[in-house]
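Quick setup: one chain, the form predicted on its own, written in C-alpha cells, and binding and motion questions come after.
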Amino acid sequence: MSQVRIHNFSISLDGFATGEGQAADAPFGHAGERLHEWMFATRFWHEMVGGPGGSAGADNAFAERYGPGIGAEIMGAGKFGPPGWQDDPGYQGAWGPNPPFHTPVFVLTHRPRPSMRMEGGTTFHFLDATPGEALEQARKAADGQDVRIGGGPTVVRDFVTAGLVDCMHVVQVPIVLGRGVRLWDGLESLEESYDIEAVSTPSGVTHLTFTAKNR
C-alpha cells in the first residue's frame, strides 16, 4: 500500500508551526517567513521558484524529498487560504494559477465547493471528511503513489493521532514564537509509535524524522 508522508514541516523551538494573526498578507501570522528561511536557502527551493543558486548541503537533501513519489496531497483549509476565504466563491488558493503541487489536492473544509482544475496538473477537491475518509479518496487519486499531508499543524496532528502517518519530517527552527498553533499538543508518547532520528545542520535547524514502527 502507498505510504502517507509529511515533509519539510517547520516548527519553532516551542513547537509552533504557525504564528498568531494569520491573514492574506501574513499566511504564518506573526511568525512571518522565519520558520522557512532554512528552506529558502536551498537549491531545492531555488529550482522550484525557477531561479539559480541555493545550497546543496544537508538541508537541501532533506528538502528535495518533498516531491518524488507523491501522487496526491491532503491539506487543511488554513493552508489553502487565509481566514475567510470560504466567503469568496472566486478564491483559487494562495499560489496563483499554477500551484506547485501538480497532483490532485484534497482540501479539508466544513464548507465544500466544486473542484477546481488549475494549470500544471493540480486539481483542488474540497472535502468535509474525517482523516480516514480523506485518505481513502486521496489514495485512489494517487494511483499507487504516496500521499503527502501538507499541513497545517491541526491537520498533521489529526492524521498522526489517527495512526495514518508512515513517515514524518519535522524541522525544528531555532526561534521562539510564544503563540500560534502548536504541533505537539496531545501527541505525548509519540516515541512509542515511531523511530525518531535527529540531524542538525550548519543553518541551525534540526531535522527530525519519524518512521512508524511495525509497518
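Just so it is clear, the model here is predicted, and its values are computed rather than measured. Numbers for residues come from their place in the sequence shown, where the first is 1.
Form predicted in complex with another copy of the chain: not shown, discussed below.
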Contact test, all of G96, R111 and A129, partner another copy of the chain in the model of the complex, heavy atom 4.5 Å: no
Contact test in the model of the complex: T206 vs another copy of the chain, heavy atoms, 4.5 Å: yes
Proximity of E33 to another copy of the chain in the model of the complex, heavy atoms at 4.5 Å: no
Touches another copy of the chain in the model of the complex: P68 (any heavy atom, 4.5 Å): no
Another copy of the chain contact at Q172 in the model of the complex, heavy atom, 4.5 Å: yes
Proximity to another copy of the chain in the model of the complex (heavy atom, within 4.5 Å), stretch among 38-46, 60-68, 153-161, 175-183: 175-183
Contacts with another copy of the chain in the model of the complex - residues in 177-210 whose heavy atoms fall within 4.5 Å: L177, G178, R179, R182, W184, D185, L187, E188, S189, L190, E191, I196, A198, V199, S200, G204, T206, L208, F210
